[in-house]
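Consider the single chain below, provided in structure tokens and representing the form predicted on its own.
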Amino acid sequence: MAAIYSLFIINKSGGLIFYKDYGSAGRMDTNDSLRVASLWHSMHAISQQLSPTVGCSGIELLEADAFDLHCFQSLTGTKFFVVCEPGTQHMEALLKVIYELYTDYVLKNPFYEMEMPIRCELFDLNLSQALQKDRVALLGR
């Protein structure tokens, strides 16, 4: 079964606003997760500027021996990225589902302040359900 190791959401200025670890072997503490988010934001921005193609939106997939990192950037600059097992399929669709949950349960929450860490119980609950559905769907393929 394909495993998602962790999920990060970064605001447009590079600040980590959400991090969830799903039992990866190398658990990160808070400082490590902040460093990874900051590093990814910087690499993503640099790749946009150095790309030879016009209109490049940055790195969408980073493949390594031990993991894959899939990234989705919204029109507002918020980045969603998952770290998962190498070769995991359909992560782009999952990231778009996570973005929809973010817009439905975080941005429409009247108590949420933009660019601040996400503390929304409905988002957490629906995110867990979406990831569980994705795991079930992957088992059926």
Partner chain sequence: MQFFGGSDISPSPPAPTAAGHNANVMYMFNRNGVCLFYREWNRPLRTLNPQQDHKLMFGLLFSLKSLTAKMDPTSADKGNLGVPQLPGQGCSFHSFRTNTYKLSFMESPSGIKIILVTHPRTGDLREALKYIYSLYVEYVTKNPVYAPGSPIRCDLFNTNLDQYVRSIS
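Positions refer to the first chain, counted from 1. These numbers were taken from a predicted model, which means no experiment stands behind them.
Omitted here: the form predicted together with its partner chain. The next part is about that form.
For a residue to qualify, one of its non-hydrogen atoms must sit within 4.5 Å of its partner chain in the model of the complex; none of Y22, F72 and M91 qualifies. Only one listed stretch (55-63, 98-106, 72-80, 112-120) carries heavy atoms within 4.5 Å of its partner chain in the model of the complex, and that stretch is 55-63. Using a 4.5 angstroms threshold between heavy atoms, Q49 counts as touching its partner chain in the model of the complex. Counting a residue when any of its non-hydrogen atoms is within 4.5 Å of its partner chain in the model of the complex, the hits in 33-48 run R35, V36, L39, W40, M43, I46, S47.
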